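Only one chain comes next, encoded as structure tokens, the form predicted alone.
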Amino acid sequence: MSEGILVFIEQRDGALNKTSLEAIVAAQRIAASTGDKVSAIVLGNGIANVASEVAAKKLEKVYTLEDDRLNEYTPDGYVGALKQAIEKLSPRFVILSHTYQVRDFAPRLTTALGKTFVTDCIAVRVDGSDVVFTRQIFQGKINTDVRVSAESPVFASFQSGSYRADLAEAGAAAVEPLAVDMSGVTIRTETEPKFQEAKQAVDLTQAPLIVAVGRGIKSQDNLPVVQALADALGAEIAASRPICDNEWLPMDRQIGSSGQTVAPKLYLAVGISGAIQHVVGMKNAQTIVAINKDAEAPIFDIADYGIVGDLFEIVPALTEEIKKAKG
């Protein structure tokens, strides 16, 4: 059996991680030029709904791996199951989203298989007979192309927001169970309550609307001004690093190279200058709106819409207009 391109689908408690749809788009882009067929694989228990959701995309098949040892994510379980699956399916490429989970297990998986792993890509193209992956280096300041001459399968993970999930081509794929033998897999990890279930923890990568605040807010006492705007929009509030370093907002709200990387439909940057360390975490948002009193602020270089002015005048007015529009 041989599959051209295999996409790893991440799920948690039966809910699809939407970044996996972005990975499908990347795989479909490759296949459009190479003629390879694209399939997907889902691991876990009770994953029928996830498999059905993925099967609505243009794929050859959606493979399901169900086993009691895969009920909770563990690197041992995922590596043991995926190693067998990949050896059975023999894909040319394995495409993944560059999530925390993938960063945990994928290096071990590729090492166990003796294969090449190109991480944190932002784009891919086909140049003649080569599939060329684009990665960013020096905190996003330089793009570099990676051509892999190693034996297949080649693994590649894509940064959140590299492709738009809503551009995944629709289809009707068959769902097929794939049997693996987990009896020889030792699970050395004892799972504890998930981090995201802790008080205040938030996964901003799944948020469609984000209002982010920077140093321009001046004081923690002024945060309610921006929180009111986020509430009016139904958005999550986020921040640049200085805000979180000062403990004005918890660290799980930080966007940037040392925080979360997001790609929402709307990213509204309030009082954020646009340092490269912050920009690498949000530049792939579908629409970026910036509010800053400095007309030369770097954030305006990437913003789709910019408002130059005092945020303490603009944000309350914008909040009121949104409330009126919503009735």
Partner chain sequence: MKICVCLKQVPKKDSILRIAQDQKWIDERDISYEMSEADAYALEEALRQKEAHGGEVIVISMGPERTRQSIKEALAKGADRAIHLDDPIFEQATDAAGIGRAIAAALKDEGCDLIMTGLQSDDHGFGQVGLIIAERLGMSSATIVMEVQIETGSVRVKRELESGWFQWVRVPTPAVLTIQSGINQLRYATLKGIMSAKKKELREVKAADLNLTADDLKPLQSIERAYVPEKSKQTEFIEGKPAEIAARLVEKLRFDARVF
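None of the values given here were measured: they were computed from a predicted structure. Rigid core (definition): largest C-alpha set, two forms, superposition within 1.5 Å. Numbering follows the first chain given and starts at 1.
Below: the form predicted together with the partner chain, not depicted.
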| property | result |
| --- | --- |
| Listed residue (280, 70, 31, 288) with a non-hydrogen atom within 4.5 angstroms of the partner chain in the predicted complex | 288 |
| Listed residue (206, 227, 152, 246) with a non-hydrogen atom within 4.5 angstroms of the partner chain in the predicted complex | 246 |
| Contact test in the predicted complex: residue 118 vs the partner chain, heavy atoms, 4.5 Å | yes |
| 4.5 Å heavy atom contact, residue 136 to the partner chain in the predicted complex | yes |
| Interface membership of residue 142, the partner chain in the predicted complex, 4.5 Å heavy atom rule | yes |
| 4.5 Å heavy atom contact, residue 111 and the partner chain in the predicted complex | yes |
| Location of the partner chain contact in the predicted complex, chosen stretch of 86-94, 246-254, 172-180, 218-226 [non-hydrogen atom, 4.5 Å] | 246-254 |
| Partner contacts for 283-305, taking the partner chain in the predicted complex and a 4.5 Å heavy atom cut-off | 285, 286, 287, 288, 289, 296, 300, 301, 302, 303, 304, 305 |
| Rigid core fit then residue 14 CA moved by 2 Å or more between this form and the one not shown | no |
| Large Cα shift (2 Å or above) at residue 254 between this form and the one not shown, core-fitted | yes |
| Did residue 311 shift 2 Å or more between this form and the one not shown, C-alpha, core superposed | yes |
| Cα-Cα shift for residue 158 and residue 298, closer or farther in the predicted complex, minimum 3 Å | closer |
| Comparison of CA distance in the predicted complex with shown form for residue 160, residue 280, at least 3 Å | closer |
